[in-house]
Every structure is written in C-alpha cells, then in structure tokens.
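Encoded as structure tokens, the following chain is the form predicted alone, with no partner shown.
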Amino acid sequence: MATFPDFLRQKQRFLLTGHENPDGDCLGAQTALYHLLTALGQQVVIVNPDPIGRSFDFLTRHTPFGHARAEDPLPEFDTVVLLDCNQMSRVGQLGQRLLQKRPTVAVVDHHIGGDAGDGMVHYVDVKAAATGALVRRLYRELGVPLGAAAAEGVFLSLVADTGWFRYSNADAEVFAMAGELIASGVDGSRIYDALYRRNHPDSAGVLADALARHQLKLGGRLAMAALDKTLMERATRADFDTDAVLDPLRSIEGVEVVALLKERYDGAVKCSLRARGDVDVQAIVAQFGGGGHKKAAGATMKMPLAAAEAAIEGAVQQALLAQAARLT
C-alpha cells in the first residue's frame, strides 16, 4: 500500500480546502501544504467555503487563498485535500460541488475520528497538537526543505491550536518545532500583532457585551454565553472572533466547562465547548453530531438558541455526574 507521501507525489492537480470559517490551524496547514506541493511540481489551489479573515490576511503576502461563491467556476482538480476536518459536510455547499467532480478525497487532520470521514486516504494523528504539525512532518518524510512561507503557516497552526503554548497539548514536539521555526526566521511577535492588534473600534464593545451575557450554571462548574443573531451580526461587521470569550470564562475559579453558543443567520446554533478539567467535551458534542478533542470541541445544533442552551446544560450535567461516579 502506498504511503501518504507517495500519494502526494503520484497525484497532479490538488485543491486544498477546509471547514467553514477557517481558523488559524486550518489556514496555516493549507499554507504549508500549498508550498510543499508546489515544491513537488504539482498544480495546487486553495479554495475555502469562506474568505480568509482579516486577522489572517498576512498569509496572502506569499500564498493565494480563494473562496468559492455559488456562481464561481471551480478550477480544474482531480484530488481534494481536506485539512483540519474530515467530512465534506464541514465544507458547506462547496463540499457538494466538489463531490460532483468525483475527485480522490484525502484527509490531513488531528481530530478524533479523522480517519472515519469522507477521506479515501488519510494522514491523521489525534495526538498531534495541530494539523499544521502534521504537514511539517510531511516535509521531513518527503525530504523537502521548509521555506519561509511554509514555516510561517506551521507556526500559525501551532499557536492557534495551543493557545500560544498555554494549553496541555503544547508538548515536546510543539516546543521543538516552534524553536526550529523561530530559528529559521519566523517573527512570532509580528504574527501576534497581525492576529490580535488590528481590531475594529467596535471589537471591545462586542467582547464586553458577549461577556456580559455569560451565566454560571451547575453550581459554577459550567460557564455559558449565548450570543443571539443581533450580537453575531455586530461581530461580523467588526470582523471579531467571538471565540475570544472562551478564555476569560475558562479563567473563572471553579469552572470546569465553558460553552459558547452562537446563533447563526439560518437559525442553527454553533456550539463551542472547552474543558479545564477532565471532562471530555468531545463526547458531549458527539451527541449533537459534533467532534473535536477531549478539551476543545464543537457542533452545529439545528435548534433554537434557548433549546440549545438547555440541551448543552443537560449534557454537561450528565458528564459531570458520570465523572463524579467514576471517582467514587
């Protein structure tokens, strides 16, 4: 059986894509893989379901990012690589358009179940801190030097999914890789400024209003913030990442799980869960068709916002009760 590096050498025309509203890990991994495939002499394009956010536009200095509106023709390709997700459903309407071309679908992912989705070939390691870390491994396996653009992409992936090295997944590989990238010329402070120090004037107000909506539930063990369409529209106009709410809530003493619920324009609710203790939030969101990691996971819930609040509170309560039973 051919290895994944062999697969990359054998195919010719690649389209790289990822989940809706691509985050730093998704975009950073795409950047690194784009330059790897280019170095191998392959044809490669990046086409995402949503445009790149302003916070990440520094990547466009060296990497062309595209996104597909319904009326836009797709470029020629024979292979789709899903990065940081494993199902075409995560790519929104673009996913169905891609499947109509009957491509070979490959997956590069570090989430639980990454090898059980729509991929025909996989490069998956759930112990990897970020998808970008997996692409860095591919450079080594293929014997391709890591250039400046790819190094910046890998660094973005690492800091995005380790919370700038604060989370428990910041392991020895992460720090070794980060040291290598800094030594190669990556400017971490410039990337930090690009991500967090170019905010819209209304961003502070959006953050304040979002935090003001938080509630402590289940005896203070669950912190929940539910953001309705009106606030989400303000966040969109300000290009503000509402996930910034998560860390302040996780810092509250006694909180074991943080739930951020965001009402979408179509009436569904995007749920993001974070755990500070041993609660497995991936198992919680799996009840709603979601996925992720033990301490960071999410799901799209097709129900009204109030119903989603009640459902998540109930699921977290059951998880806490099960955890207490295991400890007795």
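A quick note: this is a predicted structure, and the numbers were derived from the prediction, not measured. Residues carry their position along the shown sequence, with the first being 1.
One more form of this protein should be noted, the form predicted in complex with a small molecule, which is absent from this view; the next part is about it.
In the predicted complex, the small molecule lies farther than 4.5 Å from every heavy atom of residue 68. Interface residue remark: residue 297 is counted as part of the site for the small molecule in the predicted complex, having a heavy atom within 4.5 Å. Looking at residue 136, you'd find every heavy atom of it more than 4.5 angstroms from the small molecule in the predicted complex. Residue contact check for residue 63: none of its heavy atoms lie within 4.5 Å of the small molecule in the predicted complex. In summary, the region of this chain contacting the small molecule in the predicted complex, judged by heavy atoms within 4.5 Å and restricted to 28-36, 286-294, 41-49, 54-62, corresponds to 286-294.
90 is the sole member of 90, 217, 97, 250 with a non-hydrogen atom lying within 4.5 angstroms of the small molecule in the predicted complex. Every residue in the set 111, 270 and 274 has a non-hydrogen atom no more than 4.5 Å from the small molecule in the predicted complex.
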